[in-house]
Ligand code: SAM
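There is one chain below, alone, in structure tokens, taken in the form predicted alone.
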Amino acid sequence: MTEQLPVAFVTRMRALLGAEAEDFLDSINQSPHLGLRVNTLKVAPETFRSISPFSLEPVPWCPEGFLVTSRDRARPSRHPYYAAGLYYLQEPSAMAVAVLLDPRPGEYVLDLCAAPGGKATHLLTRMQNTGLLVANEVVRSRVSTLLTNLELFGARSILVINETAQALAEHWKGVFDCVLVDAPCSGEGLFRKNPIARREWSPSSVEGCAARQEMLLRKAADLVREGGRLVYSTCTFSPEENEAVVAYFLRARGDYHLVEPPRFPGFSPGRPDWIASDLARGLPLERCVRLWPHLTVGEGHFIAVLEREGSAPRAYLASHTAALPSKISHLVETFWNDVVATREMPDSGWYVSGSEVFWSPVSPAEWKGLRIVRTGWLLGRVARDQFVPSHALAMTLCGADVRRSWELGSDCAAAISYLQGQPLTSSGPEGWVLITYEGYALGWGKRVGMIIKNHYPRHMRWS
């Protein structure tokens, strides 16, 4: 019911939308849409649709995106496919952001406000896990969720960072082909699914968010190379946080212009008439994209695609060429030769931090001085003169890639038991075993005698 919404919000939206307002306000009080975006690094969208236990309908603007139409809305987050990283649960309008940023394989891409990882994982798949994805989150408590989601998707060419926009702009000026600013906002687009967002909203929160968003966007602009792309997005309807922020930015940065995006079904234009006329004058703010919950599937989003003028040569970060220390190399080689059947062990790019062993996409000199959380692809750690493989490694493999796997078939109950941390009983050669569900990796186990000890990460175990 509309009276449950903040009164000032309802008054403002009625003034802005006029005859559309009641349809909009009614839509906010309906059940939220559930979206599912397929991880194309692991499975093709058409293949997943053929095996999906959920009823799916395509999302118009995202070929790998689907609307879940099954009545049992809790099932997708409790299915082994989810733990295998075959999809991310993301509301449909949010899927439009990475589509419009359009990152390409081999590019350097920065997601400035990346947690919990929905858009970062989408960028990763669009880049085909190549180039470099820097996923930054300034709030340290949110980084672990971001990292978990990237690992589930099988991320390799990544840096996960816990830094301010200012620090990044000073360190990597003009480096990135694409930068995404999915800015913290007043969260009006969350009203349908999050009662807390309704309670915390106020006109002053809109003003405070707009000021922070302007700062973030200006800092992000310094990180984009000439000819590169910058996308600004929010999940709010407020013109102060949307068209006005973009207008202030364009007034301050004459080296950027708004790009006319493709107009998919459900895309509405920006509304320059909702901000001060002297601020909007001469700017093509209708090129921005608005997604409305009463006009399409999704909770609501605002997206502006900006391009930097010029055509300077791409910046190239130094590759990491280090080899492993001999003792550690022997342990990793022993594991690799014993377990991995189809892929060669990397011959360079190794980075060792304490007991952890990484493959790093760029030289440590390129991120020295920044607060790094994950320095690339974590392959495992050394413990008591043995190499212990990581979950991040498991999530880049499938049953066909290893010499020993334990296939659970379509036994959902057995898969859930494993995901809860229970051991498995099986005969066979001792050593590391990849646990798979219909061929897709769930994680590691280690067979000792007739028991496969469970090595599914404790912090990820299902209750």
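Just so it is clear, the structure is predicted and the values come from calculations on it, not from any experiment. Residues carry their position along the shown sequence, with the first being 1.
Beyond what is shown, the protein has a form predicted together with the ligand; the following relates to that form.
Comment: 118-126 is the region of 118-126, 308-316, 324-332, 389-397 lying near the ligand in the predicted bound form, near meaning a non-hydrogen atom within 4.5 Å. Distance criterion of 4.5 Å from any heavy atom to the ligand in the predicted bound form singles out R142 from the list R142, R343, R251, R75. Just one of V362, A244, L159, C113 comes within 4.5 Å of the ligand in the predicted bound form, counting any heavy atom, and that one is C113. In the predicted bound form, the ligand sits within 4.5 Å of a heavy atom belonging to A183.
Heavy atoms of V138 reach within 4.5 Å of the ligand in the predicted bound form, making it an interface residue.
Contact annotation: I372 falls outside 4.5 Å of the ligand in the predicted bound form, judged by heavy atom distances. When contacts are judged by a 4.5 Å heavy atom cut-off, K193 does not count as touching the ligand in the predicted bound form.
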